[in-house]
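Given next, in structure tokens, is a single chain: the form predicted on its own.
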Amino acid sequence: MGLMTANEYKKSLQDGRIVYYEGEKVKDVTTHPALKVCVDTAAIDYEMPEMPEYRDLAVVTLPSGEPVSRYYYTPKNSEDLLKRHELMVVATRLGSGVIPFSHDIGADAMNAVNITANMMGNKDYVQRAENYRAMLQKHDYSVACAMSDVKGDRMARPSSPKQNHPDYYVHVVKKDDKGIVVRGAKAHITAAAYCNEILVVPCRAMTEEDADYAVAFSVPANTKGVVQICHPIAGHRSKLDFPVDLPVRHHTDSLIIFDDVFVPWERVFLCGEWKFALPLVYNFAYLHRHTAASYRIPSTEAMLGAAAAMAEYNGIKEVPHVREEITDLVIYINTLKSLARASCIDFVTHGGIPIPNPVLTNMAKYHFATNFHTCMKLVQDIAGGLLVTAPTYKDYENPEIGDYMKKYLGGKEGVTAEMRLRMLQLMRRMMTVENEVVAVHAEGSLQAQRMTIYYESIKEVQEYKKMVEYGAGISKQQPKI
């Protein structure tokens, strides 16, 4: 089969999966008023191979001649990593700043499983991982990665008696010759309600006492015992908004319950090997944070574009401090772009698979997240107070008061009130509390990125120390340069 069409993808979701939205059980995620928006957003990944201008970017032809999604192709070099990076950037631009999420993060988890199996040297796990990749290539299934456990007491280990109950982390409750049974819950899982597969990995280091929690596996989304509870989204434009021809793009996240779910052994990738829980976490984080840095690029481009537009509309683009703010935004976005691309060029190999440079990748994600709110402040300063006090489209189209708005809310010469109000409307959609929280917490906390940068750089730091000790005459042994 190789590739699914967008229609085939949507049809594949009509499989009896258990999904709840706003307290009600969803009959069909593809027709639900809100979730349909999410499905259409995810379908962009399936539309790109059908677009001649993006076919070569989205598709790789295997030696067998079978076309497969680039996401499920094992990268061989920096060129492959750069093309995957470009694919995510372009897909997010097509999604008006929202990445499709049907392949990318699941592919990160799949690659992390492959890498960890190779590092373990466990032939069963290696073969299962390879078989899983081949299955995804053949059927082009969408995959959600379920990593974040609900955790309970964050200061207590998964198996600690200090936890109110043992199910705050997903764990194995039974094993037999056919497979395992798992119980627990995962939170914040983007797009899981409309993915074909759920790939579960640990979210932290484990001890020997936590062995039952050191588990990784995959299940179809409609597996018995899998229940998803979605958070609500703004699935449509308000009647108070100016009409826009472009479709609304959005995703929801699921709280996924695993209520004694059976998993056959061929779908188990870690089961009790507690020492490899942390490497699996790290391998996923390395890949996932590069994905994050890639799909953040279009949103930062939109921030800069909106700031430049409002500076011009308000007649202040040549004001010195406004030029400085625009310059800061230019530096912000181009630093992100450079770090994301450089991480592909200066790649490293883990478990036989090239991955973006972990230090540069984490620097890219940290740069985006730690400076996001500052950049939002710059955009808000340029936009002005009308960003939050502007009357609505309903007021604008009311013949009794619309002319007042047209007269008094215009900008510099040639800039109409409608132009300003439409741009302010777009900016408000960028500046939601959800976007601010996601910038900090998605793909790992700021401290998680700093820790990774530190530990990945220890060897390099020691080499620099040896250099200066030799230069200062403290050491007589000249270090290798």
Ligand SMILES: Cc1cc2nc3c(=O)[nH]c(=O)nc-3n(C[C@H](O)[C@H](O)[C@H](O)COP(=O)(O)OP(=O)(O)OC[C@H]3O[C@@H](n4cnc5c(N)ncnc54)[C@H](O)[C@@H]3O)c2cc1C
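Position 1 is the first residue in the sequence shown; the rest follow in order. Quick caveat, the model's predicted, so the values are computed rather than measured.
Just so you know, the form predicted together with this ligand exists too; it's not on screen, but the next bit is about it.
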Task: 4.5 Å heavy atom contact, V244 to this ligand in the predicted complex - done: no
Open item on the list: Contact with this ligand in the predicted complex for L240, defined as at least one heavy atom pair within 4.5 Å: yes or no?
Closed with: no
Open item on the list: Can you tell me whether R154 touches this ligand? I mean in the predicted complex, with a 4.5 angstroms heavy atom cut-off.
Closed with: yes
Task: Partner proximity in the predicted complex: D253 to this ligand, non-hydrogen atom cutoff 4.5 Å - done: yes
TODO: Identify which of A129, L81, I180, I189 has a heavy atom within 4.5 Å of this ligand in the predicted complex; exactly one of them does.
DONE: I189
Open item on the list: Looking at V59, V438, L426, M419 here, can you tell me which has any non-hydrogen atom within 4.5 angstroms of this ligand in the predicted complex?
Closed with: V438
Task: Heavy atom contact within 4.5 Å of this ligand in the predicted complex, the stretch among 393 to 401, 316 to 324, 181 to 189, 132 to 140 - done: 181 to 189
TODO: Note that this ligand is not shown here; using its position in the predicted complex, name the residues of 137 to 157 with a heavy atom within 4.5 Å of it, in sequence order.
DONE: C145, A146, M147, S148, K151, R154, M155
